[in-house]
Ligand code: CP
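Next up: just one chain, as structure tokens, the form predicted on its own.
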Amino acid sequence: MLVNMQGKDVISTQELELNEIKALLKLAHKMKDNRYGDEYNTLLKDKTFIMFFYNPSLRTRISFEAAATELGGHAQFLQPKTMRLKQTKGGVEVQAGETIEDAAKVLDRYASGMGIRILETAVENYGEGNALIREYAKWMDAPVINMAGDKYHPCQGLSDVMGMEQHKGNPKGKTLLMTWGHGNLARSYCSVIENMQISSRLGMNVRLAHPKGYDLPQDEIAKVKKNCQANGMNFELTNDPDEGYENVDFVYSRNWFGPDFYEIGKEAEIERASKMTDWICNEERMKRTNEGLFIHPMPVDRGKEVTDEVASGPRSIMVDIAENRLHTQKSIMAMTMAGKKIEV
């Protein structure tokens, strides 16, 4: 089957066809193997990719800029706070300016694609970042790529799976442990949700472990359960920090905030999470896995989410996954912006 994604928005992998996911991964592997090859280095010749950053970044900005450059194009960095865009707070306009509709229609004439990064600290309520990304996508013909929103992170999810494939082959039938870790960063759900959704789409068992009171959004977990059921795989939940490690193939230890985060605030969330020190990925627990590999989207909160022994040890593939962001993003841009077609 020849997969054509030209002009398609990439906001969540759950919304992509399974063959589209497979095509993106196939192309990403080929691009990594032939990083500077002539087959790819002019795909975005003379094309501009606009990057809206509502939140700061290390990996996202550099990887997208490098991706555009290696495809022969140009990535332009923009911070909405420096532009004359209409801004509201609590439903009240606090800065006059252009609506998203007007801005999107103009940007659509300038660029061949746009990415938006808007995390939990840039919005007042969960889901507002995702809504903003979709509003831009509504008014633009050029593809809009979610570079990390408050709900989803498709580029990270694809990069996680690419790392799994590199080290353990086809992930189908293997088991992922997604476990909460204590920490001082009060992190959002986007990478966690994205990983479980794409892993379950590709036929993996999913085991979720977190303390009571740290439930993830139930509508998103329902999608994970449905994916597992469709593939004849298992979804398991535990509130015990030890229980989940038995015979798993991949361990993803990540802090995330509780459902009441927007009511209690960041400081209260950090104080609460920092007390649950037993929730950490360590070597003793990793020994109970099926030669399990440690994965993480980075930045990693060492000594809290995971020990240095594991994070810097031979079973950690988190740096490989960070590198994969470059290659999966190149594949997304090539297929959606340049119209590269892939046979799967």
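One rule holds for the numbers: they count along the sequence shown, beginning at 1. Only a predicted model underlies this, so the values are computations on that prediction, with no experimental measurement involved.
A second form of this protein, the form predicted together with this ligand, is not displayed here; the remarks below concern that form.
For a residue to qualify, one of its non-hydrogen atoms must sit within 4.5 Å of this ligand in the model of the complex; none of 169, 174 and 289 qualifies. The partner is not drawn, yet in the model of the complex one stretch among 279 to 287, 52 to 60, 301 to 309, 22 to 30 has residues with heavy atoms inside 4.5 Å of this ligand: 52 to 60. When this ligand is considered in the model of the complex, residue 117 lines it closely, a heavy atom lying within 4.5 Å. Put simply, residue 146 is far from this ligand in the model of the complex: not one heavy atom of it is within 4.5 Å.
Although the partner is absent here, residue 156 is a contact residue: one of its heavy atoms lies within 4.5 angstroms of this ligand in the model of the complex.
Within this chain, residue 330 is remote from the site of this ligand in the model of the complex, having no heavy atom within 4.5 Å.
Scanning 318 to 333 for heavy atoms within 4.5 Å of this ligand in the model of the complex gives just one residue, 325.
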